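Next comes just one chain, in structure tokens: the form predicted on its own.
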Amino acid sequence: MSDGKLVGIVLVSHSAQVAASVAELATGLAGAGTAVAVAPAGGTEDGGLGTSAALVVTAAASVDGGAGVAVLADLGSAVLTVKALLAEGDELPEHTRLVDAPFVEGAVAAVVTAATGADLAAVEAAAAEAYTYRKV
């Protein structure tokens, strides 16, 4: 458990609408009054489809409360954008981690787990565990 600080969540998508909708869904399912900071970083800066390193950096800074930042990405170049920012080492807050998880289910699991005060490793594990959720 953390010391009252909650892990922040960034959702990186090629689409601003997808990122915002998944953020809304995850926070809604986490329950009323959840204090977890969740920021979408979707699309390009001009509103098109794609990914923007600048939007990811801004989103990560906005959710960083000192307990770490979990970043979930939807598709290939979104993942590559986050990996490049992490490799640079100074663009994202300390203790930012790219989480290997399905985008929607992982986001819900991450937000719900972060809301309990769990640390970054537990939030990452919960999101990654979403790969095991079966639908049939």
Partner chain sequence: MLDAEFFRRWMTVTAASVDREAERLTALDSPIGDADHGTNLQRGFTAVRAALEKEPPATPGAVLTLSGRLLISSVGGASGPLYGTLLRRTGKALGAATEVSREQLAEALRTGVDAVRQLGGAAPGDKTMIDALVPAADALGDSFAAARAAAEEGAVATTPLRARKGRASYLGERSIGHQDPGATSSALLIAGLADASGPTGAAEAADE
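No experiment lies behind these values; they were computed from the predicted model shown. Numbering follows the first chain given and starts at 1.
Below: the form predicted together with its partner chain, not depicted.
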Proximity to its partner chain in the predicted complex, single hit among G50, G65, P93, G28 (heavy atom within 4.5 Å) | G50
Taking the partner as it appears in the predicted complex, which of 65 to 73, 81 to 89, 107 to 115, 33 to 41 has residues with heavy atoms within 4.5 Å of its partner chain?
-> 81 to 89
Could you confirm whether S77 comes within 4.5 Å of its partner chain in the predicted complex, counting heavy atoms only?
-> yes
